[in-house]
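Quick setup: one chain, the form predicted alone, written in C-alpha cells, and binding and motion questions come after.
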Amino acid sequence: MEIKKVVIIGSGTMGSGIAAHLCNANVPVTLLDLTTEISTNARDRIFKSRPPLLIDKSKINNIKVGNISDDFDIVKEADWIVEAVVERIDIKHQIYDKIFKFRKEGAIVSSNTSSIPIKVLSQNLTNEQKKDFCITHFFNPVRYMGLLEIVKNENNDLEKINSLQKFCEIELGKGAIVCNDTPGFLGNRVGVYAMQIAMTEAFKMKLTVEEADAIFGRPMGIPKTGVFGLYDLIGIDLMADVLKSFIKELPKTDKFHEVAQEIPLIKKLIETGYTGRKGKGGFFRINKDGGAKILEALNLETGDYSPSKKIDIKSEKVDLKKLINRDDKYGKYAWSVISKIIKYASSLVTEITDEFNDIDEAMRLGFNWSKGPFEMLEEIGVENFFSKIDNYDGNKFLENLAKSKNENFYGERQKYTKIETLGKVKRKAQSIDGNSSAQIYQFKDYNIVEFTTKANALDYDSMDALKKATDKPLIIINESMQFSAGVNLSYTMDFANKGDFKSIEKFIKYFQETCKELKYSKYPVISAPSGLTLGGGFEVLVQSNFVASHTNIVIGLVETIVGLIPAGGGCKEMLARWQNTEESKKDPHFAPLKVFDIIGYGKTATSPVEAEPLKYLKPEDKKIMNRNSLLEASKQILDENRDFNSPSELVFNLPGESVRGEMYKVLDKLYNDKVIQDHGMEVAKELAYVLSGGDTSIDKQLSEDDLFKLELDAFMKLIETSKTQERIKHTLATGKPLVN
C-alpha cells in the first residue's frame, strides 16, 4: 500500500500539526474544515508558527485547503483520510458516514482521538469498513514529539496496519507503536498516572510544589517542567477532563481510580480561573510587584501564593539508586513515586501491549522521559527493588520477576521497530571507556561516543572521551533530547569565580586540539545531531568529517549572547565555508563580513533546510526524518568511506584592517541605534578582530593554528571581563540573555 495523498478533516491544533508534518515529508495533503476560511487560517498559522511546524517555509505549498461541503470529493483521491475534529462522538460518526461513502476502496481511515475507544468510534461501521479503520494518535507538537500510537481493532487488516506503521516510521519519522484498544492507549495511560501519583504523593507527604518538581524532573530523567509545572502547561481544567474520561472508562478495580479523585484545591483553582499558563496562573503564577515580574508558587496546604524558591537537591545526573536511597524526604518521595509507577506500568503488561518495553518507548517518545518504568526497574536492580517494595499481589509481571530474580530481564530495546537503533546497539556494544561526561562504546569495527551531562554540555572530560575514541571510525551520537547545548558555562564560571583563568585557557586549548584531532583523524568521524547543537556542540559537528542530521535540530553559534566568541574552531570553520564561494573569490571582504553577521547576531537554524543557507550544514550532509535511523545512516556513511583519507589542512588569506573598518561601521550604527550597548560593542570588536585575521593582510597566509590562536586570545580577553561574567551568571540563573 502506497500513501501518496492524504486528506485531513479538522484544522485545529492537531489537524494542522499533522498536515504540516506530512508537508515536511513532501506528502501532498488537503486540509478540510467547516469553511474554507477556517482551513485557510489554519494554513496561515502553520506558516507563521513558533516554534516552526515546517522544516522549511516553502513546504507550505504541499497544503491545499477546502471545506467539507464543497470539496469533499477530494476524499476520493486520498490513500489516507485522517479525522481530527472535536472530541464529540456524534460529530465523528457523521464524518465517518460521509468518508466511507466517498473514499476509494482500500483507503485507510483513522482518527486522531486521544481518549475515545476504537470500539465506540467504529460502532456504526460494517466489518468490512472496520478492516481499514484505526486510531492514529499523534502527540503535540506533531513535528517534535516522536510518538505515534496506532490503535488497532479486532477486524483490522493487519497487513495494512503494518504498512501504515512502516510509512509513518520511514516517511514521517515517527516511533509508531501498534497497541490495543484500551483507555489512554500506551503513553497517556502510564504518563497521566505518573503525573497523578507525583501530585498526590506531594500532597500526602507535604512537599512544596517546587520540591516535588525538583524531584519529579531531571533527577528522575524527566523533563525539568516537573509535575506541577506540566499541569500548568497542559491546563489544569483540561487535566480534570482527562481524569474524568479515565474514571468513566476504567474498571473500578484499576489503581488509576486511587489517584484520579477530585482534589478540593484543584477544583477551587479551576472555579476561580487559575487554570494554568493559559489562565491567571495555576500552581505557579507571575505576579507584578512595582513593575517587576515575580514567579510565585502555590502553598498546597493554605492555597496562598508566595515567591517561588529554587530547590537544589544536589543531584545533576540521573542516578535512581542514589536518589531512592537518600535518607530524607526527597528520597522517600522519589521511591514512593517511582515504585508506584513501576507497579502500575507492569500491571498493564499484556492488557495494553504484549511487549513491556513498548511502554518505555511510549514514555520516551511521548513524554520525553530518558528512561521508561521498566528501565527504571532495571537501573534500580531487581534484588534491590524487591527488597524495598511492598505488596504486589496479582501483578503477574512482578510475581514472575520475583521468582526468577533475573537481573537481565530487559532483553532487547525498541522491539516495535526493525531499525538498528542506538538503544539496541548499546546493549550489544562493549563499553570500553568513559567518565562523568561521556561514554565510549565499541561495536564491531567502529566506536560510539555518547555525551551524558545535563543538556550534553561539554567540558574537559567530554573532550577526553572524543580524543580517546579516534583510534577507530567514530560516530558521535546520543539518545537524549540534545546533541549538545555547547560548552558547560557552569564549569567555566567555577574557574572564573576563583580567578583561575589558566585552567580556562588550558580547557579551551584542549577543546581546540580535540576538534583538530577529530577533523584530521586517520579514521572518519561522523556527528549525528538531534535537538540543540549550539556553540561548542556545533564546533564538534563542523569539525567532524561527515554529518547525519535529524530534521529537528536547533543549530548555530550563539556565544556572543553570553559575551564570548566561538573559540573551538567555529569562527575558523565558518570562514572556510564562506571563503569557498564564488562571491568570496571575487571579493575577499565577502566571507569575513558574512560570518561576522551570522556569528555576531547569534543566528540559529531550526532544521537542516534552514541551516544550509547559513552554511552550518552542507548540501551533502544527510538529513534524516526518523531519529531512530541516525545510527544506521551514520554506519552507511562509514561503509561508503572505507577508503577514507583525512582532509588537507586549511589556509586563509584574510584582509585584516581593511575589512575590520567595514565591520566597525556596522557596529557604530548598531550602537547609535541602541541595538547594542557598551559590552556588546566590545564583544563584537573582538569577533571582528578574529574574523578579519588580526594584524594581517590579504597577501599573508594564515594557518588553522593561527586562527585557533586568534579565537583563544579573544575568548580569554572576554571571559576575564566582569561584563561577560555578568552575562554568563544571568543566563545561568534565568535562562535569558543579558544586554549590557
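As the structure is a prediction and not an experimental result, all values here were calculated from the model. All residue numbers are counted from 1 along the displayed sequence.
One more form of this protein should be noted, the form predicted in complex with nicotinamide-adenine-dinucleotide, which is absent from this view; the next part is about it.
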{"query": "In the predicted complex, segment of 560-568, 278-286, 528-536, 130-138 with a heavy atom within 4.5 Å of nicotinamide-adenine-dinucleotide", "finding": "130-138"}
{"query": "I698, L34, M681, V675 - the one with a heavy atom within 4.5 Å of nicotinamide-adenine-dinucleotide in the predicted complex", "finding": "L34"}
{"query": "One residue of C168, A345, V75, A84 in contact with nicotinamide-adenine-dinucleotide, assessed in the predicted complex (non-hydrogen atom, 4.5 angstroms)", "finding": "A84"}
{"query": "Close approach of I9 to nicotinamide-adenine-dinucleotide in the predicted complex, 4.5 Å, heavy atom", "finding": "yes"}
{"query": "nicotinamide-adenine-dinucleotide contact at T604 in the predicted complex, heavy atom, 4.5 Å", "finding": "no"}
{"query": "I91, heavy atom within 4.5 angstroms of nicotinamide-adenine-dinucleotide in the predicted complex", "finding": "yes"}
{"query": "Contact label in the predicted complex: Q196 to nicotinamide-adenine-dinucleotide, heavy atom within 4.5 Å", "finding": "no"}
{"query": "Residues of stretch 96-131 in contact with nicotinamide-adenine-dinucleotide in the predicted complex (4.5 Å, non-hydrogen atom)", "finding": "N112, T113, S114"}
